[in-house]
Structure formats: C-alpha cells, structure tokens
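Next up: a single chain in structure tokens, the form predicted alone.
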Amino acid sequence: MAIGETRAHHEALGLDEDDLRRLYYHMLVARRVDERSWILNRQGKAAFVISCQGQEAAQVGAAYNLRPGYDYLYPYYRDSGMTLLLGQTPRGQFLSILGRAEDPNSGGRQMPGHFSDRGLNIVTTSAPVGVQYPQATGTALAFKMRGEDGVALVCGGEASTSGGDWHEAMNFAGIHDLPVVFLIENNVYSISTPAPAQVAGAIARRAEGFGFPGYEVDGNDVLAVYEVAREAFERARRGEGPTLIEAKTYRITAHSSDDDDRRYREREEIEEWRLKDPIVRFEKYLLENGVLDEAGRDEIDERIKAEVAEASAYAEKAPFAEPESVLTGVYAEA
C-alpha cells in the first residue's frame, strides 16, 4: 500500500495523529509490561505469567472503540493491552502478578490475567474457558432492555469457540439482536494444539449460522482491526445486533511461563511471525507517514521503560495481604 493510500485510510477512519500516537503508546506499554513480567518470573518473583506479546494490535485496535465506564469489557487472560488502554496501570499489573495486597483486581487473591475493575466496567473472567461469553450477552441484554446504547465486547482465543458456552452465547445474541461484539484472537495455537486441529473451518463464517455478520481481519494490523471493530460497535449502537470478529494473529511467546513451546513448534516459525510483529509494523507506518520520527519513537520507548521500571519496583516492595484478611470476599457479610 502506498504512503498516500495509508494516510487516506486513517484519515477516512477519523483518526488524527494524536489517536495514532495513543494507539502506539498502548501497544508498546503492553509489550514492555509483558517483557518485564517474564523477567520477574525468571527471577523467581512472579509465579505465573500469561502473555499478550504478538496480540497487541488486535487488543488495542478493538478496545479503542470502547467508552470506559459505560460500555463493558469481558476480556480473556491475555487482554492486558485492552485493560491498560481502558485505564488500568502498569503498577496495577505488577501488583497483580506479584500477588500484593494493593492488587486492584483482587487484593492479591486471584491468579494473573483475571482483570477486574468496577469503575471501568472490566469484568473478571473465570478459570473455565469460555464462560465470559454468556455473561457478556447478559450485559448486552440489559443494555437493550433499558434502551441504552451500551455495547459489550467479549474476547477469547480460537479454542474457546469449541465450547458450548460460545455457541449458546452466539445463538442467544443472534436471536435477540443484542449489542455485543465477539472478538476471537486466533493466535494459531490452543496451548500446544495447532488451530487446524482445534477448530473446523473459518471461525468468522460461523456467524452466518447465528444470523449476524462475521469478519476475518488481519489481527497484526491495528488500523484494520480498529476499522472492522468500529463498524461492529456502530451496528450494535444502532440496534442492529451482534458481530463476530476473527482477528488472525500469533502468540510470540509460550502459552504461559509454565509451558515449553519447543515441544510443539519450531523456532523458525516464530521468527517468521516476528517479521510481522504488530508493533514494528505500526511503528514503520508512523515513521513513513511523518507521525513519528526516530527521536520521537525513542522518547516514547524510554518514557515507557521508565514507567514500567518504577511500577515494577513499587510492586516488588509492596506488602502482601494480612493473613487475617484471607476470607475477605469469600463469604457474604451480615
């Protein structure tokens, strides 16, 4: 695509240079937080890490359409790019990963990746895969019954579409024309199972059977994801019902810090996908279109690295919850 076409594309989407810088910032901060989390894990300080690396464009591009505190987000465990965009902080991420008392998600009582914030309408997922889908349709039904223009964005990996929860939620949303956007981040592997061995056919085409549109999009192109998600959100707000988006992307890291991905994929495959890294790709786009120069790019990266370093240092020194609080939130209080 020529430079002129690219510029016309983002201008046609109504995005200005400040929007582009914000998209880039949130993609990069998600990557730097993730990278630091792996270091904490390898140092024996963080027990568990589940990564967003490689999926930042799909996450930030879609979530950029959300109105924080009004629309609802039902993320899955990799969606830190989304929660950081909506208002969660690197400090909060590290407090959660290290299980500290100030963890904004659960006070150190939940495993990493279970994001939660009442004020931002981020609803925590549960450990079983796919349970967020029917929950999100319930929120969408409430919006419709109240005559409000809110939208629920619910996310998952391709493996979650094999479960009954996803199909039931898709069916319910289609029957009732609910304002919900289903985002499937197809990252090629369901833990160690390649997508073709997990999912039959194209995920996006399944939407037709439930009576609403489905789109396949390049999940490593943040503007392409933003564009298709914007149309989905607009459809939902017009009362035209749900949309399914399949963002084709790739998980650069192992499934989690407990996974040895050398057992099921070749290093050459990962390196091929690194050439399509969504952050490098968008950075090139910004440089070519004069939105950033190399000095500006380096300034943003250094600022993010300093923010991440401060957040990590704070969380490492923060106290754990008091033992006496162990039952807080377990039982209803009289």
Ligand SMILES: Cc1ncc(C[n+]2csc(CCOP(=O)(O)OP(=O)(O)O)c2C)c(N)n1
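Computed from a predicted structure; not experimentally measured. The first residue of the sequence shown is number 1, and the count goes up from there.
What comes next is about the form predicted in complex with the ligand, which is not displayed.
Here is the short version: of 141, 159, 120, 204, the single residue with a heavy atom within 4.5 Å of the ligand in the predicted bound form is 159.
This chain is drawn without the ligand; in the predicted bound form, the residue among 172, 215, 212, 76 with a heavy atom within 4.5 Å of it is 76. None of 123 to 131, 86 to 94, 217 to 225, 260 to 268 except one has non-hydrogen atoms within 4.5 angstroms of the ligand in the predicted bound form; the exception is 123 to 131. Using a 4.5 angstroms threshold between heavy atoms, residue 233 stays clear of the ligand in the predicted bound form. The closest heavy atom approach of residue 137 to the ligand in the predicted bound form falls outside 4.5 Å.
Contact check for residue 255: a non-hydrogen atom falls within 4.5 Å of the ligand in the predicted bound form. By the criterion of a heavy atom within 4.5 Å, residue 101 is excluded from the residues contacting the ligand in the predicted bound form. Residues are counted as partner-facing when one of their heavy atoms sits within 4.5 Å of the ligand in the predicted bound form; in 187 to 223 these are 187, 189, 190, 191, in sequence order.
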